[in-house]
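Just one chain follows, in the form predicted alone, and it is written as structure tokens.
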Amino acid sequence: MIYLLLITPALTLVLIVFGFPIVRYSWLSLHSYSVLTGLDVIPNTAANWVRLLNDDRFWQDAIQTIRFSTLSVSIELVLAIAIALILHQKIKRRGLVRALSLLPWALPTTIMALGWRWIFNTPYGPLENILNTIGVGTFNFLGDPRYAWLTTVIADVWKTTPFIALLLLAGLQSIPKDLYEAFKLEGGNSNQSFLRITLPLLEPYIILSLLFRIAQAFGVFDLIQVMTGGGPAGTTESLGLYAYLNAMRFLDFGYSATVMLASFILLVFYCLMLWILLSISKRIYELII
């Protein structure tokens, strides 16, 4: 009983911060609230949901958001593990190196996105000039659907990999050194210690990092808005950007709330599928190792 009393303030804060918006969006999704109705709240039962199910643009953005989140978070996790292992080593000026490694994450997303937009600019960006100099040719990175979404992934990976690396570094520092010394005395090498000690004990931190980053990637907005504006032809548009456009450009607040609530449902389903996949992978990993 004492534990419930101790966590009551935190649970109350979570309910206020997360519960109220969900209830509000749920209520708005069942009403027509837009400039077309004179900003009067008019109940329309499931009309917004029927519209969403038949909205090809919503499903295109959902696929794009899932593709963006899956690829960017996967790359970030691999890079973050490598970076965390390097930062965990005893190197000269380790504090300075750790501080510098966090600079991409510390920069405002809008400023960072403007920088990457300039890098990928055609024909004046530095990357385009380098490719032309070495004879590769011209690539319309931000104007070609084949490359535009990849540029947003690259920018997101550069921006948020330090965040995951920081969480994993904290996990590495919590692992007792005695385990590695005992394993080494038994004849284990560094590769075996990584597979048998480091990865299993880092599992909670890896799962926490994945959940944080997937939630952030699913709600990506400012990066896409600044770099591509959702183009070309909506191939980089995210669900967050689509909800924003419905609310702020088309002033259809009811449908925007429906899009946001549907995005939340997709996120929960995605995380459940990821949890199942990680559980299966863990079983296979234990059998192999």
Partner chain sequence: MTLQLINISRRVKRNWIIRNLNLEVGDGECIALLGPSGCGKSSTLRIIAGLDKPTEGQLLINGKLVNNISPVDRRVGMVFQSYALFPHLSVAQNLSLGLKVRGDSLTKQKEKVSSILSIMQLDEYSERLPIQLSGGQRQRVALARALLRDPYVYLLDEPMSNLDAQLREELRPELRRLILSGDQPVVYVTHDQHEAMAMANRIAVLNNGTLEQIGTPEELYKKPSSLFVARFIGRPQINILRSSTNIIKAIRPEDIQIKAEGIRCRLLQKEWLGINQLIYLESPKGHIKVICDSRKSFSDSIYVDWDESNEHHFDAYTNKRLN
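Only a predicted model underlies this, so the values are computations on that prediction, with no experimental measurement involved. Positions refer to the first chain, counted from 1.
Keep in mind that the form predicted in complex with its partner chain is missing from the display, and what follows is about it.
Among I134, A182, A82, I207, the residue placing a heavy atom within 4.5 Å of its partner chain in the model of the complex is A182. Heavy atoms of I197 reach within 4.5 Å of its partner chain in the model of the complex, making it an interface residue.
Its partner chain in the model of the complex is not approached by L150, whose heavy atoms all lie more than 4.5 angstroms from it. Contact check for Q192: a heavy atom falls within 4.5 Å of its partner chain in the model of the complex. Put simply, L201 is close to its partner chain in the model of the complex: some heavy atom of it is within 4.5 Å. Contacts with its partner chain in the model of the complex, taken as any heavy atom within 4.5 Å, map to no residue of 117-153.
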